[in-house]
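Only one chain is given next, in structure tokens, and it is the form predicted on its own.
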């Protein structure tokens, strides 16, 4: 049975393994995930099947009335099965339920990541800028944003 819920400390080893399997040495380290869990618990969401973490979403506050989706990562064997959609819906529903003000949600995505761009566009995100070398040399990003109230 699949579950989407807020991340817990006992999930971090699996989240780290997912990160390493996808990004190797360029992924977030375990200590970062523990800190994220402490600082942004309602922005750290996991998708699990049979106690196995198959995806996560990590979001953090930005400037006033602004949030950033920092990472959405799905295990290779779970891609194309609606996991990202479930994580995004859970996060956006929670954000809307806990906010009385208009909020802008931003994210960056690699220009070649057409599956992620399509997912974000389904939720109403719009491309707002192209950011050359945003994450360093040869790491261009597209900035996308969504207004929610």
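On a predicted model such as this, the values are computed, not experimentally measured, just so you know. Numbering follows the first chain given and starts at 1.
The discussion below concerns the form predicted in complex with a small molecule, not included here.
Contact with the small molecule in the predicted bound form, defined as a heavy atom within 4.5 Å, holds for exactly one of 83, 36, 45, 53, namely 83.
Stretch-level contact check against the small molecule in the predicted bound form with heavy atoms at 4.5 Å: of 60-68, 36-44, 110-118, 91-99, the positive one is 110-118. Interface residue remark: residue 134 is not counted as part of the site for the small molecule in the predicted bound form, having no heavy atom within 4.5 Å. A residue is said to contact a partner when one of its heavy atoms sits within 4.5 Å of a partner heavy atom; residue 130 fails this definition for the small molecule in the predicted bound form, lying far away.
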